[in-house]
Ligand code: ATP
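Okay, so here's just one chain, in structure tokens, the form predicted alone.
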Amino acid sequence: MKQSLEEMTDPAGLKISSLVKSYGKKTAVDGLSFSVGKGDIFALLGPNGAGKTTTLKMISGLIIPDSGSVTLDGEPAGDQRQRIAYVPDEPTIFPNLSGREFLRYTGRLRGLDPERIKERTLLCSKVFEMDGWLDNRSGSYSHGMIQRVVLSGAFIARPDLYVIDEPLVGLDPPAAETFWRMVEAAAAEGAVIIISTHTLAIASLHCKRFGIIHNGSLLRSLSRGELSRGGLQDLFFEVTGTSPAEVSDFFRNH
């Protein structure tokens, strides 16, 4: 999809230009281009294997693209990792660390002073309801508890760019709603936010813009206001050529 002249000339925010990444004969990302402005919450959507995680890792600087570029405010994003927080789809914490120790370590990597780390950890502990177990070793944590701690590490950093892969896995409804409120607050402060999720109904409520990719290519980019009456789910099925299977007679016939 061609970008407008304004998108191509305005350097503010995140710019993805003609990204390509292959693994052997498999092309995971194929000429991907889109932009996310400051204060935007952008949902990167697609079926399994569409290239979403590879794209997010290239944006974060964890994978080097074969060609193309990623810029943040007009400069290569790979040179600005202190301004980027990345949350993977399968977050982990070293099991002998407590959640608090992990957050302290994350804050120190970001160059935050101890008092600021303590202050922001206290806030995240309160809003994500971690007070009762944050000092326990993370080897005893559930997936949802690990998810809360790792997401808190991103928010403690207060980066200019949040790159978050499947944030809702393991979160109960209150924690999921807290996450979205934190995201919206960060966007209101001018952060660039890109999130990959399979939860289309929730994404359509909280994200401002959407990009649907399949086989590593961008199929559609649109804003929330451009969604038709059928909504994001129907559009997703239409443009990706996917649909849920007919299963109403499965148990009766098999």
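When you see a residue number, it is the position in the sequence shown, counting from 1. Being a predicted model, the structure only gives us computed values, none of them experimental.
From this point on, the text means the form predicted in complex with this ligand, which you will not see here.
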| item | value |
| --- | --- |
| Of Ser60, Ser33, Thr54, Ser204, the one that lies within 4.5 Å of this ligand in the model of the complex (heavy atoms) | Thr54 |
| This ligand: the contacting residue among Ile195, Val192, Ala50, Leu218 in the model of the complex [heavy atom, 4.5 Å] | Ala50 |
| Distance check, Ala28 to this ligand in the model of the complex, heavy atom within 4.5 Å | yes |
| Interface segment, criterion being heavy atoms within 4.5 Å of this ligand in the model of the complex, picked from 218-226, 40-48, 204-212, 66-74 | 40-48 |
